[in-house]
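Starting off, we have a lone chain in the form predicted on its own, written out as structure tokens.
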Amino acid sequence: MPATEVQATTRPRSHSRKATLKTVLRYAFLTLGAFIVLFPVYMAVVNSLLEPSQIAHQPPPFFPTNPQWHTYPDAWKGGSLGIYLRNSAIQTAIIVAGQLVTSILAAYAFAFLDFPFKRAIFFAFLMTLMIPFEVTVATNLTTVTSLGWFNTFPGLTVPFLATGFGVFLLRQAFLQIPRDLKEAAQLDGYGHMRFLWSVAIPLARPAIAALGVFSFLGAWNQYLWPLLVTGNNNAVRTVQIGLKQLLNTQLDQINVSLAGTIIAIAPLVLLLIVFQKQLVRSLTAGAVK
């Protein structure tokens, strides 16, 4: 066989080996990262099924040999998690809906409309991202109290119905829509609201879904603000405060507290599983043409 043919056959083999090695290393790295991220959650599940005396063992058990399944009903009943989960669901639904509506409308205006001081107003929106929430807590609490919204769902949700991050994210998504498409829609008689609903929103669906996930995570995991505006009224307190109360009442039953924590994060896990494709598509949008 001529030397040129030998080289031609060995080069593809060498290239395929390198590609296979890169793929193996990539999956090994991702597996290691997933293990690091999920291991604390796994240990929380294991510890929730152990007896309290077993949790302090060294080395700690990595699998429950005699699982205590009663910890989950005990956490649900003893911590009144049903009420707290309902309150968190109501609070989160209002915040997510409010942020989606306000962000879509504002982002569309910044992307497609022309008005005075457009750039300055958009920069003002971005500046809100640099202000820590703790700086505005006192002012927001005073405002909520003066409006009579203390211990109510409006007090829990109204300060979070708009977000500069959402406006920025969706504006960038709307800017990816070709101007020619907007002009063609105008020739067909589409107004702003019809174009937004029929064209812009469907094309920006991954970014909108990602914003919904981020809003859900932020609203569901709130602790400081619900603690301040609900006082001692459990009728509107959220699940994060309920977990703290459960821990205070179950000091000698840490497994019950961990079971309550697993119950509280179950909606978050379900949400990420359902919307993982849209979330990945949004985060990778624009990376590949």
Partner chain sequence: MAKVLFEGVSKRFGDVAAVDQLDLEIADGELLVLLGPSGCGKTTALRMVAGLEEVSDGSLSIGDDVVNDVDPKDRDVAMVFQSYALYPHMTVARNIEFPLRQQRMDAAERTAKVAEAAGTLGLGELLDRKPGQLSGGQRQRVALARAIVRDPKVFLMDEPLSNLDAKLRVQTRADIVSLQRRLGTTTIYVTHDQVEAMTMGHRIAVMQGGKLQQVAPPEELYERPANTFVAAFLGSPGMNLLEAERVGDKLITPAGEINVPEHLSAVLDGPVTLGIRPEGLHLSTSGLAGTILLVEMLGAETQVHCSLEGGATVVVRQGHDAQRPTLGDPVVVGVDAAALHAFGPDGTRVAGT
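Positions refer to the first chain, counted from 1. Fair warning: this is a prediction, and the values are worked out from it, not measured in the lab.
The same protein also has a form predicted in complex with its partner chain, omitted here; what follows describes it.
- Task: Taking 4.5 Å between heavy atoms as the contact cutoff, choose which of L147, L126, A184, I90 touches its partner chain in the predicted complex.
- Result: Comparing distances to its partner chain in the predicted complex, the residue within 4.5 Å is A184.
- The unique member of Y190, F165, F153, F133 whose heavy atoms fall within 4.5 Å of its partner chain in the predicted complex: Checked against the cut-off, the match is Y190.
- Query: Is D180 close enough to touch its partner chain in the predicted complex, meaning at least one heavy atom pair within 4.5 Å?
  - Reply: Judged by the heavy-atom cut-off of 4.5 Å, D180 is in contact with its partner chain in the predicted complex.
- Query: For I121, is any heavy atom within 4.5 Å of its partner chain in the predicted complex, or not?
  - Reply: Although its partner chain is absent here, I121 would stay clear of it in the predicted complex, with no heavy atoms inside 4.5 Å.
- Mark T139 yes when one of its heavy atoms lies within 4.5 Å of a heavy atom of its partner chain in the predicted complex, and no otherwise. Result no; T139 lies far from its partner chain in the predicted complex.
- Query: Do R194 and its partner chain share at least one heavy atom pair within 4.5 Å in the predicted complex?
  - Reply: It does: once its partner chain is placed as it appears in the predicted complex, R194 has a heavy atom within 4.5 Å of it.
- Task: Work out which of the listed stretches, 113-121, 157-165, 197-205, 71-79, brings a heavy atom within 4.5 angstroms of its partner chain in the predicted complex.
- Result: Within 4.5 Å of the partner lies stretch 197-205.
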